[in-house]
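Starting off, we have a lone chain in the form predicted alone, written out as structure tokens.
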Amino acid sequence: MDTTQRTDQQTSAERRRRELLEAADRVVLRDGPGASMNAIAAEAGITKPILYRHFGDKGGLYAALAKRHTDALLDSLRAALDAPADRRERVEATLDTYLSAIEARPQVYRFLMHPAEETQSDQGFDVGKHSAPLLRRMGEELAQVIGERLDLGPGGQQLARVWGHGIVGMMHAAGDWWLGERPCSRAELVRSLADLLWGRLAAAGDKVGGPGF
């Protein structure tokens, strides 16, 4: 097999994988945490063994969907952090970006973070053990941004990781509660969370030569 044939096959496989993930997205938007391999295979017009061939198992498909949505969310969060605004406005914009994302697609959020709600593996994905790494990835990404942009003094890299994971944990817990109960508007929640964060964030100086926070 020559290089052109291998490249064509790889391109075809990547396109097919993308199509299967889009089919899975449609089922997740419809069924939420109860999305099943049978339903996804039916939506894609294939048999379940073919779906397994592409992703290995339910965990493999979940991981691929999680990466797809986490990548998109992180891109949006980075854009909010890079917006031409003052620091307080960027903090609020970042919080709002996360909350608006889970509000816009609550079924996707519940599938990623609460897959056990539909319990048994024959009915849904048994992937609860995989949801924590998504939050850890977001925490590490935010920690990197904080470490690159803020002068936190001695031990700054460790403090950046504490802040990164702490902020993500706060966003996740508050957002989960808010999405379920809707006790206030999204704007009110954003302001309240920003108030909680603001004291220390306001006091930290930008790192010399960095892009600024």
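The first residue of the sequence shown is number 1, and the count goes up from there. For clarity, a rigid core is taken as the largest C-alpha set superposing within 1.5 Å between two forms. This one's a predicted model, so the numbers in the text were calculated from it and none came from an experiment.
Below: the form predicted in complex with the DNA, not depicted.
Q: When the contact criterion is heavy atoms within 4.5 Å, does Thr70 count as touching the DNA in the model of the complex?
A: Thr70 lies outside the contact set for the DNA.
Q: Using 4.5 Å between non-hydrogen atoms, is Asp57 touching the DNA in the model of the complex?
A: Looking in the model of the complex, residue contacts with the DNA include Asp57, since a heavy atom lies within 4.5 Å.
Q: If we define contact as a non-hydrogen atom of the residue within 4.5 angstroms of the partner, is Arg16 a contact of the DNA in the model of the complex?
A: Judged by the heavy-atom cut-off of 4.5 Å, Arg16 is in contact with the DNA in the model of the complex.
Q: Since only the chain is shown here, I'm wondering whether Trp178 would be in contact with the DNA in the model of the complex (any heavy atom pair within 4.5 Å).
A: No, no contact at 4.5 Å.
Q: In the model of the complex, does each of Thr97, Gln157 and Gly166 have a heavy atom within 4.5 Å of the DNA?
A: Zero of three within 4.5 Å in the model of the complex.
Q: Among the candidate residues Ala187, Ile50, Leu29, Met170, which is the single one with a non-hydrogen atom no more than 4.5 Å from the DNA in the model of the complex?
A: None of the others qualify; the residue that does is Ile50.
Q: Partner absent here, but in the model of the complex, which of 170-178, 30-38, 157-165, 143-151 has residues with a heavy atom within 4.5 Å of the DNA?
A: It is 30-38 that comes within 4.5 Å of the partner.
Q: Considering only 150-165, what residues come within 4.5 Å of the DNA in the model of the complex, judged by heavy atoms?
A: Nothing in the stretch sits within 4.5 Å of the partner.
Q: Once the core is aligned, please say if the CA of Pro33 is shifted by at least 2 angstroms between this form and the one not shown.
A: Yes: Pro33 shifts by at least 2 Å between this form and the one not shown.
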